[in-house]
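There is one chain below, alone, in structure tokens, taken in the form predicted on its own.
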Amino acid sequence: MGVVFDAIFSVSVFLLVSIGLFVILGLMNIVNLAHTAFMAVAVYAELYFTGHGWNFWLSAAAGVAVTTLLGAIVEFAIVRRLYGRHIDDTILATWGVSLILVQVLAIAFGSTTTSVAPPLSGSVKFLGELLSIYRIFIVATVATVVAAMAAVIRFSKAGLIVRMVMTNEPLARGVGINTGMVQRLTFVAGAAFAGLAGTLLGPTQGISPSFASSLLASTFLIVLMSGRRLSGLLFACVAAGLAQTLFSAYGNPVIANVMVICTAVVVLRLKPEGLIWPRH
């Protein structure tokens, strides 16, 4: 049961980290290499506010708010000038933003690894295994977020607009949709998702200016495997989470991270369109 829960948790982490990348790449065709830097900003904001007497939940909300505002600033100052440009330009620009943010965090908070206490301590026994309450909370939160996102995309007017812009932006613009505003809100939403990922994962690992940077390559490949569909993202995260858990259990974490990337490369070689199936 322990290995099964570890696999479920790994899938949840990949989903949590990749959702922000997924919405930005899927709708805007922009590779946001500043994604994990946004996560680091969120977790340091959370750390700052908890250090000033705020409880974890208020600090986490503040961290998400700070990252959302930062996303709006970055979109206004840099990203909106890249719409319609080659994807290489977005890679270079967002990578530059990432380097700047990491250096600012290092100057402001230092490079020493620190931590934040989880708000839910202890564990529960299930089928003879002790399961962390906070990890269960993260799994439940991710499941709720994914279900809510699926419902919005499938059933709401906003979801219909997003699907129209993703499918045919010129046509969406022709019927009166403000595609520029949709793109701006999408980037800000992606930054907010990065903030949510950073604040939730903060208590599970050491915090440094390069927080979560080791996840960037694997989550980017996961988004490519998704085929720009939420169902594809779920399948891709399951594949990556299973690979990481199995190789961590019977090998070591370094090999596990390498195997996640290898799994993604193999899948993309066999199915360049991603883990999606054509509708007939």
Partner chain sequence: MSRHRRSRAVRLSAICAVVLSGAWSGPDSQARAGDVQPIKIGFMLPLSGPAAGGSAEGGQQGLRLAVDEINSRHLAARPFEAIIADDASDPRTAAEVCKRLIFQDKVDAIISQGPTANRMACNQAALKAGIPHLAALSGPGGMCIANLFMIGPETSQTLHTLVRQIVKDGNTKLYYMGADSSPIRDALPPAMSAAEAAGGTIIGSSFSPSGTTDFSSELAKIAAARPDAVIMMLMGADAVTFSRQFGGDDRVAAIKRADFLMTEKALHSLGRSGANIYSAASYYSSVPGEAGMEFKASLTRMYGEMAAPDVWAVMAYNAVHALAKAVTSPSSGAKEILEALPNISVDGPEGRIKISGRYISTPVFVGKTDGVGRVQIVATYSDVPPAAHCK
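Residue numbers count along the first chain shown, from 1. In this text, all values refer to a predicted model and were calculated from it rather than measured experimentally.
The next section is about a form of this same protein that is not shown, the form predicted in complex with the partner chain.
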property	result
Contact flag, Asn29 vs the partner chain in the predicted bound form, heavy atom cut 4.5 Å	no
Ala45, heavy atom within 4.5 angstroms of the partner chain in the predicted bound form	no
Close approach of Leu215 to the partner chain in the predicted bound form, 4.5 Å, heavy atom	yes
Contact test in the predicted bound form: Leu99 vs the partner chain, heavy atoms, 4.5 Å	no
Contact assignment for the partner chain in the predicted bound form, among Leu130, Ala148, Ile73, Ala108, heavy atom within 4.5 Å	Leu130
Position in contact with the partner chain when the complex is considered in the predicted bound form, options Ser59, Thr245, Ser226, Thr68, heavy atoms within 4.5 Å	Thr245
One stretch from 232-240, 249-257, 29-37, 49-57 that, in the predicted bound form, holds residues within 4.5 Å of the partner chain by heavy atom	249-257
Any residue of 197-229 that, in the predicted bound form, places a heavy atom within 4.5 Å of the partner chain	Pro203, Thr204, Gln205, Gly206, Ser208, Ser214, Leu215
